[in-house]
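One chain follows as structure tokens, the form predicted alone.
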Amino acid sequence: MRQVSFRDVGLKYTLSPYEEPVLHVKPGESLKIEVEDASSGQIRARGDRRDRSQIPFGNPVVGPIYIEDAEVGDSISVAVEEITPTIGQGATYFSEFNEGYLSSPPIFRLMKMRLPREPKICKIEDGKVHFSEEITIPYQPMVGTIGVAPHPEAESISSGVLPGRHGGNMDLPDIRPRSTVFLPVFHRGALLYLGDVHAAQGDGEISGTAIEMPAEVKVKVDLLKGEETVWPRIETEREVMFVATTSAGRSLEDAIRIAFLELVMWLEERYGLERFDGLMLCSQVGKIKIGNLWTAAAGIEKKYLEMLR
């Protein structure tokens, strides 16, 4: 099995079409990717702090990974097979980023306040994350950032913010083992990036930070030749969902609408369900997931798709 580690190829902080590939893989091939956590390894113990003077950017990724024969207009699939913590712990914490995430106007600066900087170090063992001495939560690993180099008009995109049609920092808990992410191809080779693994995260990631952990991620990549994807699609064991994101001039409300409309049109194309019937069906049984505050995923349970076969 092919393997690539940030220890050997370094960390990237953008999803860029201008970087040299760190690995070439064939469609249908599995590989293991070792990634660092969102703080680039700065927080390992109590007393550690996120030091942006040393590492100004967050959410490092490994990539790009070149997928042979992938061309503009194709799609790729990335099946997440396993996520394994590499140091047996994760961390959640606040930094300047979290203050902006909670309040876009500079309220914290106006009030001369800061969020506390002491991190919470969380041991991972026996299928649990030890949030504190009193509280344990289920270990539910997920990939926060997965995407391809974006459309040429966007050039390079931050791996920490700005998710979009290319994927990126979507922070959707559904991108977990036994799920598959489908992404559009904007450049030859697709140029896949992956990182920002979490041991657990709630919908909305409201503090701005999950249980961030370094990890080894096993994935299987494949190529859907000639199949165009407009927005990312996620398939889990139970659901199919389409992702849309906010951007300049596009609200979270708009992202929810876009995600559902993409799902409706896919239901017509794939299953022959007339689109206005699909729209009415989604109004009754559709589900919405919020990753971070920029990302919405509109889904439908697969049991309804079985009725359409």
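The structure presented is a predicted model; accordingly, all values stated were derived computationally and were not measured. Note that residue numbering begins at 1 and tracks the sequence as displayed.
Another form, the form predicted in complex with a further copy of the same chain, is not on view; read the next lines as being about it.
Engineer: Give me the residue from 223, 210, 183, 124 that has a heavy atom within 4.5 Å of a further copy of the same chain in the model of the complex.
Structural biologist: Selected option: 210.
Engineer: Identify which of 51, 68, 268, 34 has a heavy atom within 4.5 Å of a further copy of the same chain in the model of the complex; exactly one of them does.
Structural biologist: Checked against the cut-off, the match is 268.
Engineer: Looking at 23 to 31, 279 to 287, 59 to 67, 37 to 45, which one sits within 4.5 Å of a further copy of the same chain in the model of the complex if you count heavy atoms only?
Structural biologist: Partner-contacting stretch among the options: 279 to 287.
Engineer: Hey, with a further copy of the same chain in the model of the complex, do 79, 130 and 179 all fall inside the 4.5 Å heavy atom range?
Structural biologist: Answer is no for this spot.
Engineer: Given that a further copy of the same chain is not shown alongside this chain, does residue 1 nevertheless sit within 4.5 Å of it in the model of the complex, heavy atom to heavy atom?
Structural biologist: Residue-level check for residue 1: no, no contact with a further copy of the same chain.
Engineer: In the model of the complex, does residue 74 have a heavy atom within 4.5 Å of a further copy of the same chain?
Structural biologist: So residue 74 does not count as contacting a further copy of the same chain.
Engineer: State yes or no: in the model of the complex, is some non-hydrogen atom of residue 203 no more than 4.5 angstroms from a non-hydrogen atom of a further copy of the same chain?
Structural biologist: Yes - in the model of the complex, heavy atoms of residue 203 and a further copy of the same chain come within 4.5 Å of each other.
Engineer: Are any of the heavy atoms in residue 92 no more than 4.5 Å from a heavy atom of a further copy of the same chain in the model of the complex?
Structural biologist: Yes, contact at 4.5 Å.
Engineer: Relative to a further copy of the same chain in the model of the complex, which residues of 112 to 148 have a heavy atom no more than 4.5 Å away?
Structural biologist: Going through 112 to 148 in order - heavy atoms within 4.5 Å of a further copy of the same chain in the model of the complex - the hits are 112, 113, 114, 115, 116, 118, 120, 131, 134, 135, 136, 137, 138.
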